[in-house]
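Below, in structure tokens: the form predicted alone, a single chain.
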């Protein structure tokens, strides 16, 4: 009976959680007058909303821009974060504790406080309206560095000492020994970084003016609030569905790895 009640509660919770998303997708396949209802199955199936979005927005270009920026930033965060995490966990140098404390401090500062100075720097460099403005400020993450540091501390020091006896440099130890053992933390950092960059709107809104350089979330946001959708709810929901679809698909395939990674990398604490 306890097991039945547990699963019944989980099923009810899943339905409550999934219903808005299912309704959103179903609403994009309905004519505009039918959207006001709560029924899921469309009475008159139509793809007019998606047709409108693809005609009004360079959605494919936005998707390519978002994918390019997200992948470059994710790769750089993994590389630089792992290098910093290795230095903080294995190297002995003066000021290591200070660097660690400063990294912790930066995580406590709201991003809104640094966005204006960062924008001023981007303007000074002449990077406004370029991919550099989207990529360079996000290439390093204190959170990823500390996550790598905590995971690397769990690797036995004897393994590092044995590698150094065999003549391995710190670079070789990091990329040839630590990386193969660090799949959980790499997966965690990759998924969280990719999702964060993919969904970002505020920073691209500040530094990008050319529509051909806009990311997908920025295009969809301006389309929805700027009048491009002609106040049609189905069109706005179709644009939002196209924006969320890549992340949903990625999560469906990677959710097992994400949960395992969070559990084994110490993020659950």
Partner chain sequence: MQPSEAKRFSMWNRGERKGESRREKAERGLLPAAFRPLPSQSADRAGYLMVLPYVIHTVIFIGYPLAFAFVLIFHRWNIYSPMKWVGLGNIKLLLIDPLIWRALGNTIFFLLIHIPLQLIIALGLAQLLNQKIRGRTFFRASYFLPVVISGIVVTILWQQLYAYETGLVNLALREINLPRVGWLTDPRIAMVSIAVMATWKNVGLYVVLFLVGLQAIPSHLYEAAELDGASSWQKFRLITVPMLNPTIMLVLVLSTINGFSLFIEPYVMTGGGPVSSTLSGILYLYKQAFFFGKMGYAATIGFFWALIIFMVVLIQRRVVETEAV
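By rigid core we mean the largest C-alpha set that fits within 1.5 Å across both forms. Numbering follows the first chain given and starts at 1. Keep in mind it's a predicted model, so treat the numbers as computed, not measured.
Below: the form predicted together with the partner chain, not depicted.
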Taking the partner chain as it sits in the model of the complex, is residue 253 in contact with it (heavy atom to heavy atom, 4.5 Å or less)? no
Non-hydrogen atom contact residue 209 with the partner chain in the model of the complex at 4.5 angstroms: yes
Although the partner chain is absent from this view, report whether residue 86 comes within 4.5 Å of it in the model of the complex, heavy atoms only. yes
Should residue 71 be classed as touching the partner chain in the model of the complex when contacts are defined as heavy atoms within 4.5 Å? no
May I ask you to list the residues of 172 to 189 that have any heavy atom within 4.5 angstroms of the partner chain in the model of the complex, in sequence order? 174, 176, 177, 180, 181
Please say whether, between this form and the one not shown, the C-alpha of residue 116 moves by 2 Å or more once the core is aligned. no
With both forms fit on the core, has residue 171 moved 2 Å or more by CA between this form and the one not shown? no
Kindly check if the Cα atom of residue 95 is displaced 2 angstroms or more between this form and the one not shown relative to the superposed rigid core. yes
